[in-house]
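Given next, in structure tokens, is a single chain: the form predicted alone.
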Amino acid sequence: MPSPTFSPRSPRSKKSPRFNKKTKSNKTPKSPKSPKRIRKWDDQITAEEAEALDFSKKDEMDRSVSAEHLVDREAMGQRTKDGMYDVDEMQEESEESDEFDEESEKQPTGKVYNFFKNITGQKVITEEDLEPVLINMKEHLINKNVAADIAAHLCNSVSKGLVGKKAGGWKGVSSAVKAEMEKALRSILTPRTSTDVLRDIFAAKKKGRPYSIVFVGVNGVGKSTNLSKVCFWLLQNKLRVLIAACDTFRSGAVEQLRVHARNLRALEENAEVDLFERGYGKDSAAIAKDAINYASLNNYDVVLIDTAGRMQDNEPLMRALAKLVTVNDPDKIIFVGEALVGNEAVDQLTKFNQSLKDFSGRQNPRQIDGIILTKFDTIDDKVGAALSMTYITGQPILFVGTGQTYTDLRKMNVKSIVQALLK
């Protein structure tokens, strides 16, 4: 057997000179660094530089200019005959698309009207005719964030208004549907208690005591922002307002209210609004009580009490809120909810009410007195949450928030709700 052969190892080749030597680059040489500028200390800066760095002595005119972007003067509310300032209602959309000429072939463009397109002529409308129509209509309303039981209520109202009547042309059917919807919505949205907060404030003022309002809700819905909008509305009526910073949990909550108070003073000449605060980590119920006593001693007309955001299932925080309400017995408890979350806001409101009832320790516990729905300008035509919250609690929607400026506060308009639901 032949022995194996091995090829001899090749000698190690020398590296090419280009790897052994560094070639000269064609890069331009770096410019030398500029020397570090010497810091100027106290007595070494000029008077002009010192004035430019001093932000503690800006006059009212400068502050007014910087805060002017926080109001839309064209969106201001109206003065009543007795001189009171009130916020405007929500704007109605143009009704041109709903108008119908009996002699033309043009049909109403709202989606709900399409459900009734086969119910025309001289025949008398029966329940059998409406049954398939109302099924589609109920589904349409649920898609607008209307709760199922409220959608059924609205459909029944429309059915009662149409059964037994002659269908007629498109104009008759569309007008009847719209009229019955508006009637049903008014029965839901019409408040059972007074919504004239200004009247209640002036009644308390005659008695020589401040009127207190507590703002409650979950995290991030805009309680502080909408509190400042309400404050702007009150300042337009020449009322003295004290803001109580009772959110002692969220970092920056007190500073946020301080900025709002400063801006509101800058925007209105002779505006009287101050902040009452005790810092962080304190008992919010005690701070609210001290604020109300301070307002009474110093002749403030209204105390606006800001509270920490809390989830509706957080029992310790809900107990703390119930304690604040029980100890201070405010004139108005306003729930601030976000329209964007739809029927989740209904669950929040229901559980807040239940917690105030369960943890108050009173025989007749206080509950939510009114609602502010925020971010209403972001929901397009999905307005069902507003109906659900009012229908379940029986409490009115006092205002809706429609933007970020102090003037973006509106009253609910039933006709605009009807238009949104019929789209």
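Fair warning: this is a prediction, and the values are worked out from it, not measured in the lab. The numbering used is simple: start at 1 and walk along the sequence shown.
Not on display, but discussed next: the form predicted together with a small molecule.
Enquirer: When you measure heavy atoms, are N219, G222 and N226 every one within 4.5 angstroms of the small molecule in the model of the complex?
Expert: So, yes: the whole triplet contacts the small molecule.
Enquirer: Please identify, from 177-185, 269-277, 197-205, 226-234, the stretch that has a heavy atom within 4.5 Å of the small molecule in the model of the complex.
Expert: Answer to the contact question: 226-234.
Enquirer: So which of Q256, N136, S157, S296 gets a non-hydrogen atom within 4.5 Å of the small molecule in the model of the complex?
Expert: When the small molecule is considered in the model of the complex, the option within 4.5 Å is Q256.
Enquirer: Even though the small molecule is not shown here, does T407 get within 4.5 Å of it in the model of the complex, heavy atoms only?
Expert: Residue-level check for T407: no, no contact with the small molecule.
Enquirer: Taking the small molecule as it sits in the model of the complex, is R209 in contact with it (heavy atom to heavy atom, 4.5 Å or less)?
Expert: Result no; R209 lies far from the small molecule in the model of the complex.
Enquirer: Would you please decide whether K357 lies within 4.5 angstroms of the small molecule in the model of the complex, comparing each non-hydrogen atom pair?
Expert: No.
Enquirer: Can you check whether K375 is within 4.5 Å of the small molecule in the model of the complex, heavy atom basis?
Expert: Looking in the model of the complex, residue contacts with the small molecule include K375, since a heavy atom lies within 4.5 Å.
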